[in-house]
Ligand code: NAP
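Okay, so here's just one chain, in structure tokens, the form predicted alone.
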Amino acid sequence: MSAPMNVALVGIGKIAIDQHVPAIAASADWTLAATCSRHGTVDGVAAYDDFDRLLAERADISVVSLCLPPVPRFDYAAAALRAGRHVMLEKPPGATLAEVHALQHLAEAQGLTLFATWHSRMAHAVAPARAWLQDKRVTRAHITWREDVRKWHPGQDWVFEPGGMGVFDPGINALSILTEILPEPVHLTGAELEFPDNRATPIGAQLRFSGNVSADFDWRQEGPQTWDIEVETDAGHLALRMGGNVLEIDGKAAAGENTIMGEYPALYARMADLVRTGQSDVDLAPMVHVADAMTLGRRMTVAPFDF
């Protein structure tokens, strides 16, 4: 077995504490060697509040995992790559497609790994769903992705600022699954985007794609949350429940389990493999759909939203 690699975790917020830290701790591939954050820390781990100082002082750290919001992430990723560190990006990989393309070119020029992660693709039932659909003809597909922003991003106003993506922050998870499982690619043909009167990004979205595919995203759902993808084919009906963790075929359970705990360990296992084999993985298909929705979408103003 290869020796564990030292990783620095940058941006110690809710997603880092809930998912990244436990995944790293449980892995034989990694040692959490340092963190960098304005406020957050991890017990027993060296903490920095200056990223340039971390890069200068910690030559032992070969990999940087970025959990910052999308807007500031580019500068950190570019600095890490220029300093010779491999980089792992939380989803979405950036605020714009152009900046992620720039990071791709920089990583390639430096001979380094860049991994744009999509954690929902690692859900338990996504691979079985993709395998089942591979030889089927899709006649219709619909996504229902409705959750409570107050639960998942409490008080985090950045999600409603330009670059924060609004409801596409969770919706892009659904799109990452859709682009992984469909046997043929689709493209956006129209959208309605619901912007709160006091916010810069949408809180709801209805999307239409080629191939009779549609999606309904909403960030105002209280109580039970809904993360479903339904696909009609010439050979039956497929449903992914619980964010891709449970697969049903013609209404009967077929694969998966009702837990999301395996997603981030799988991401870090993938990153370890990419680094050790000298590869990158930067699939921007989910982000293209979001960018197209912002281009084609009809803006609709709805009631103000406050946490």
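Quick caveat, the model's predicted, so the values are computed rather than measured. Don't overthink the numbering: it's just position in the shown sequence, from 1.
Just so you know, the form predicted in complex with this ligand exists too; it's not on screen, but the next bit is about it.
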> So which of 221-229, 67-75, 205-213, 123-131 is the stretch with heavy atoms within 4.5 Å of this ligand in the model of the complex?
Replying inline: 67-75
> this ligand isn't shown here, but in the model of the complex which of His119, Arg146, Arg85, Arg199 has a heavy atom within 4.5 Å of it?
Replying inline: His119
> Using a 4.5 Å cut on heavy atoms, which of Ala285, Ala25, Ala291, Ile15 is close to this ligand in the model of the complex?
Replying inline: Ile15
> Looking in the model of the complex, any heavy atom of Gly297 within 4.5 Å of this ligand?
Replying inline: no
> Wondering, does His39 line up within 4.5 Å of this ligand in the model of the complex on heavy atoms?
Replying inline: yes
>> Is Gly171 part of the interface with this ligand in the model of the complex - any heavy atom within 4.5 Å?
In response: no
> Does Tyr264 reach this ligand in the model of the complex if we count a contact as any heavy atom within 4.5 Å?
Replying inline: yes
>> Where, within 150-186, is there a heavy atom within 4.5 Å of this ligand in the model of the complex? Residue list please.
In response: Trp152, His153, Gln156, Trp158, Asp169
